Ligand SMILES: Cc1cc2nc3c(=O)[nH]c(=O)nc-3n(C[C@H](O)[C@H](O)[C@H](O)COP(=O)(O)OP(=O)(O)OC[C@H]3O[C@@H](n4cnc5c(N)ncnc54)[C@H](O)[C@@H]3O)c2cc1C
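Single chain ahead, by itself, as structure tokens, in the form predicted alone.
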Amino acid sequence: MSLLSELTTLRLGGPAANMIEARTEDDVVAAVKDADGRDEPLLVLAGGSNVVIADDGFPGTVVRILTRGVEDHGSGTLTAQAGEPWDPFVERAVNNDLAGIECLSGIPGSVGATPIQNVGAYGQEVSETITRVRVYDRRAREIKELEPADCGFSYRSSVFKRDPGHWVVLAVTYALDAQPDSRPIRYAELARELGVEPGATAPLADVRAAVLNLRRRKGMVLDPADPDSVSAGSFFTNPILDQADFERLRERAQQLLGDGTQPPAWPEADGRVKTSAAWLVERAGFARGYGSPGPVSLSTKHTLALTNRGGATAAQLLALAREIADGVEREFGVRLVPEPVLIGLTIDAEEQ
């Protein structure tokens, strides 16, 4: 049996009952149809960067997507196979003066995962550039081309994530801007790194280099020499609260902290407010490196990354995640939501 820990950035996960390597779209569809025809549990896996798999492994078929290929349609439009590694795809775009995904440099994983998670960082999200997603519809048993409106994109989510048994992503089409400079820099931290004002632009290569530098300092670029990079990236999404809940959070923070410190607030278009999961984690008493020494701990560089320090189990990682989520909820009344997909696991203790 193949150990799934060998295929995930967290290096966690037990054996797969059956493993199939699919190198073409036809291979992917055939493998999925076969598993569905036998009513067998199915896990589709590519880069393994945003998933936590149980120590017991997976009791069905794991289809590992290894499809490759990028089709250039001209005018900045590219279609990439789901198995294409993401960061080399971003690097290709930057090297060819195509703007729109430069702030997503250094993110591990595959092209096929980007619409599922609506991958985003430093003020960009892939939903801003995706124009089509080719999928296999497991219910209709046919290949379809989905438009952005069909994908239900939201913050770090999509219909693919909310309804995981319905579609398998086969390829993604991106419409990028044919220009040597970036799109306007929205993220203040990145603007400071580049030495420009928010809203300004910068050469694509400079933006990519700045993003990679920022990510490395946070242990968010895969590096065999950096134990903080043995993670699934940010483990919790930033909470998005309605106005009343955010006001309650502000009042609670004032009562608990008593120093005038306020939780970060980023207004959403629908009137809700996004706040910082890292701020909540830190002020609930979980500092960088929390859990050390031990097999799992928070990264020493970033409070949202849960890391495998060597010899950890998925159960230990989820126990730490649960401790943090419970602590934040107890202190601030906000329940943190995991960003990675949990396979055979849940963060809610009462469901264990």
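A quick note: this is a predicted structure, and the numbers were derived from the prediction, not measured. Heads up: residue numbers just count along the shown sequence, starting at 1.
Another form exists, predicted together with the ligand; not displayed. Remarks below refer to it.
Asker: So, a 4.5 angstroms cut-off on heavy atom distances: do all three of V51, S110 and G120 pass it with respect to the ligand in the model of the complex?
Answerer: Each of the three qualifies.
Asker: Of L98, L280, I116, V207, which residue is found within 4.5 angstroms of the ligand in the model of the complex when only non-hydrogen atoms are counted?
Answerer: Of L98, L280, I116, V207, the residue with a heavy atom within 4.5 Å of the ligand in the model of the complex is I116.
Asker: Report the residue, out of A200, I143, L212, L222, that has at least one non-hydrogen atom within 4.5 angstroms of the ligand in the model of the complex.
Answerer: When the ligand is considered in the model of the complex, the option within 4.5 Å is L222.
Asker: Would you classify S231 as touching the ligand in the model of the complex, given a 4.5 Å non-hydrogen atom cut-off?
Answerer: Residue-level check for S231: yes, a contact with the ligand.
Asker: Given that the ligand is not shown alongside this chain, does E339 nevertheless sit within 4.5 Å of it in the model of the complex, heavy atom to heavy atom?
Answerer: Yes, E339 is a contact residue.
Asker: Is L43 close enough to the ligand in the model of the complex to count, meaning some heavy atom within 4.5 Å?
Answerer: Yes, L43 lies within 4.5 Å of the ligand in the model of the complex.
Asker: Is G57 one of the residues lying within 4.5 Å of the ligand in the model of the complex, judged by heavy atom distances?
Answerer: So G57 does not count as contacting the ligand.
Asker: When the ligand is placed as it is in the model of the complex, which of 269 to 277, 173 to 181, 214 to 222, 192 to 200 ends up with heavy atoms within 4.5 Å of it?
Answerer: Heavy atoms within 4.5 Å of the ligand in the model of the complex occur in 214 to 222.
Asker: If you look in the model of the complex, which residues in 60 to 79 sit within 4.5 Å of the ligand (heavy atoms)?
Answerer: Contacts from 60 to 79: just I65.
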